[in-house]
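Next up: a single chain in structure tokens, the form predicted alone.
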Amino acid sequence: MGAVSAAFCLIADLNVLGVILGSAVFGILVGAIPGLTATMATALLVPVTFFMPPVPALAAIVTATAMAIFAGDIPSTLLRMPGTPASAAYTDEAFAMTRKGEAELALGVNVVYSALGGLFGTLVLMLAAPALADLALGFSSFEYFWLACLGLTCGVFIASLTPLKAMVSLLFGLLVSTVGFDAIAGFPRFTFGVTEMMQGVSFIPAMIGLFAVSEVLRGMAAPEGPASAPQRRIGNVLRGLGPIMARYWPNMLRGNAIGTLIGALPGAGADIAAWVSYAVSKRFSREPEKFGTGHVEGVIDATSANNAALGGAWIPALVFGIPGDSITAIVIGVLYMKGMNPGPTVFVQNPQLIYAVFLAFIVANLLMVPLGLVAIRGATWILRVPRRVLLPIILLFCIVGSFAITSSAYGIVIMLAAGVVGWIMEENGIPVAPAILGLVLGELLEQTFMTSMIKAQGDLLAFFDRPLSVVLGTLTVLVWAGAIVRAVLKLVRARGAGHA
């Protein structure tokens, strides 16, 4: 109880509450602007958090991401332009409701069910994370090796719609993670005689480049959007929610459960949670013919899922140091920056900070309803921010942040190079998230493999000696085998169709 009381004191500090409020407004602004993502909001916050103590830094990220995921629903509903990718799954459904004159109901559903989904994900995080941390204290390099393999595998075969392109992205990330000194032998690799490259590719500037700078480049390449604000007045968005909540409460619970579960999968995230939840909603609906015509049922499932996924994604990040999504990949970098190495020991060494993160989640989701209502009222103004004003400001944040973290121009070079690479990848349909996963987990994978091989004196069967490593190793091998079987079956069917 001492740690919980200390966490309450940390969050109740006026400075921390002020940071939460400011981050909430920032998250809503970023999320409500089409094309900007919750990941970008997090990346842009990193330079600011560099100068903060751990609790306000983490509270700022938690709050901004939760608000950005919700705020993405506003342009999605009013303009058919998802503010963040997490809103894309149900954009057509929500916009169809607007065309039917039900914009208030759609926005009310978005803000209320997003907050409830976020609270559900937080509750699961609070219950599951400490228990899993106790279990993880018994892990050795063998278990961490299999966990890293499982995380990389999920990122490619489960969390991605295009496994081949995701594999290309992942291998690129793993390759980049080998730049610099070898973690075991200390031998320099791929440095080309450049002194700065011996320290490796700094994680945060690369992340800022891949997500934020690539968005800037995409915005520069695209013509100015026709984003005209809706002309109709937005009234009371909470009117009529009572009967909806009474009828569709099972949908909310199902969306919350799916979102949290998918969020906890390494490499997945809110975007995939929303797509899966919307598909499940349509599959099991009693009125599937209404989907696509402005039916509120699918919106409830999906908008609950994407916010619930945020809490779920923090479970592997905090307990094992494995990112649940691109946002928690950045969070892991921030944790390292603050001296809080993610993993089970952080629950023993800094329990008050972990409980403070849980409380920050709760405060952020409780703030979502009142601030969300204000944001919906001001949607017309937010949507009129011209891109030619916005993009230079974002780029300036990126440059300042990358320089502040590395204290050298090397960070800016990494950021710009990563931005160009990220833009090229996304323009060719190659997802960026697996590359980030490879960059984050590459060192862990190599280090645990080499350490395990030294311990086992080169015996590969030692990777299946311990009970937990057997379970994790078998699960990983089964996922690999399932992916190979699916690929073979797909090839056989394609050849069969060709002969027919």
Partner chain sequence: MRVNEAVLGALLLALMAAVFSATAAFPRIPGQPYGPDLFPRLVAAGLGLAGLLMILRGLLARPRPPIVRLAPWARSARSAGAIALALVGIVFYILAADTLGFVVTAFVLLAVLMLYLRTRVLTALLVSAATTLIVEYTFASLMRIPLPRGLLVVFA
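In this text the structure is predicted, and so the values were computed from the model without any measurement. Numbering follows the first chain given and starts at 1.
There is also a form predicted in complex with its partner chain; it is not shown, and the following applies to it.
When its partner chain is considered in the model of the complex, M453 lines it closely, a heavy atom lying within 4.5 Å. Although the partner is absent from this view, F26 stays clear of its partner chain in the model of the complex, with no non-hydrogen atom inside 4.5 angstroms. Although the partner is absent from this view, A409 contacts its partner chain in the model of the complex, with a non-hydrogen atom inside 4.5 angstroms. Contact check for A185: a non-hydrogen atom falls within 4.5 Å of its partner chain in the model of the complex. Figure note: of the listed segments 365 to 373, 213 to 221, 332 to 340, 250 to 258, the one touching its partner chain in the model of the complex, with heavy atoms no more than 4.5 Å away, is 213 to 221. V389 is the sole member of V194, V389, A131, A246 with a non-hydrogen atom within 4.5 Å of its partner chain in the model of the complex.
Here is the short version: of L174, L359, V237, A96, the single residue with a heavy atom within 4.5 Å of its partner chain in the model of the complex is L174. For the candidate spot formed by F120, S140 and V201, no residue has a non-hydrogen atom within 4.5 angstroms of its partner chain in the model of the complex. Along 442 to 461, residues G442, L445, E446, F449, M450, M453, I454, Q457, G458 each place a heavy atom within 4.5 Å of its partner chain in the model of the complex.
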